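What follows is a single chain, given as structure tokens, in the form predicted on its own.
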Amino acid sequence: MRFIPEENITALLLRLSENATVWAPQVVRDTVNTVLFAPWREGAEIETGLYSALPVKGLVLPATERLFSFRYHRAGEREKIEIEVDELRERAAVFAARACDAKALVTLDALFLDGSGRSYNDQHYRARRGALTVITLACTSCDSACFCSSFEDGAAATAGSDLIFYPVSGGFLAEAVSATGRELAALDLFQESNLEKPPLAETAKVELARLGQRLLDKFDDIDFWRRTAEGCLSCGYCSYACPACHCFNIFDEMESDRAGGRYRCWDACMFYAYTLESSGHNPRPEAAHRYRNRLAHKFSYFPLNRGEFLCTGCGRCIRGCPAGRDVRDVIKALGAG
């Protein structure tokens, strides 16, 4: 294993920032311990003891992204449209991501980088993902909202990471997962070490066996879903905070009378308008219907189609829910029902 002394972390980030924007978890100014991934500058304090309110997925699937610009012009008697696709040239590196965030990137890769035609090979996602270096901080502790141990590998997951740091006395052990990670670990800021990895966090667990079928068995029990969704504000935070949720909307916005852009922005299945039809009919009119769909997608439909859960147990949907909803309570209730 390689080892990097704590005092060399700033030098590492400066080295990364020579050709990339470095993102790290930082407390948002004038807030009480609200942590977000933000561009790092020398002297900025990195917060590794608290969990970020939003995942790193925004670096590959931004909350709002212009896909291309367009403008109309006359060509003789005909009206023509010119389209210009924005090209991403900036590299990025994220420091102190969590295993649950990095693992979710692999799920997004399967959806947005599929060359087989089964999903979609998205050029904007491809450019951002290919330009991203992920340095993960292994979790040696957790809070009451975490439940990643319910899933394969739990806190020991390496998928999606380039380099994983394990906190030890005086610094971090470094495990390279990819070629990019091996290049970083070979820098003179690291040294060889015989230290052992520290014990990783063991979070609360929920029983996921047959959960997909249990969800389908309860599908028509609308009273159960009304009780389950009681108090839900349909605010969409659970979707925005989830590292694996990926629903989006696309719209055109005029920036002048002859030019504009096409934008992609995050959407959420908990919003009333998400399934609102032009006729005025909404097949999911209540929060109960939308909450049922959200859980069925994550724990039944997606596993059936993709062979994995659309959840990594990061706990953000529990930690940040303004109504105090806990998805683990629903999973337990499904098992007892």
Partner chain sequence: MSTVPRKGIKATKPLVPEPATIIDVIVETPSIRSFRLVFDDPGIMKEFSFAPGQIGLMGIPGVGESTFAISSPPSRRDYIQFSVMKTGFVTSAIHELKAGDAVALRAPLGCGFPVDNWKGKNILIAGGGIGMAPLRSLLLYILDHRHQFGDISVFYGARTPADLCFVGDRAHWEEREDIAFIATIDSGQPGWDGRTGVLPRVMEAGRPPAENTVAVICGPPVMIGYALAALARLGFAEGQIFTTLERKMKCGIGLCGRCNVGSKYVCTDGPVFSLADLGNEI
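Numbering follows the first chain given and starts at 1. Please read all numbers here as calculations on a predicted model, not as lab measurements.
This protein has a second form, the form predicted in complex with its partner chain, left out of what is shown; the following refers to that one.
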Note: exactly one of 211, 156, 247, 232 sits with a heavy atom within 4.5 Å of its partner chain in the predicted complex, namely 247
Checking 39, 49, 283, 307 against its partner chain in the predicted complex, the residue with a non-hydrogen atom inside 4.5 angstroms turns out to be 283
With a 4.5 Å heavy atom cut-off to its partner chain in the predicted complex, the contacting stretch among 145-153, 91-99, 119-127, 221-229 is 119-127
Exercise: residue 79 in contact with its partner chain in the predicted complex, heavy atom 4.5 Å
yes
- Message: Taking any heavy atom pair closer than or equal to 4.5 Å as contact, tell me whether residue 276 reaches its partner chain in the predicted complex.
- Response: yes
Do residue 267 and its partner chain share at least one heavy atom pair within 4.5 Å in the predicted complex?
yes
### Task
Indicate whether its partner chain has at least one heavy atom within 4.5 Å of a heavy atom of residue 240 in the predicted complex.
no
Taking its partner chain in the predicted complex and a 4.5 Å non-hydrogen atom cutoff, the residues of 68-96 making contact are 68, 70, 72, 78, 79, 80, 81, 83, 85
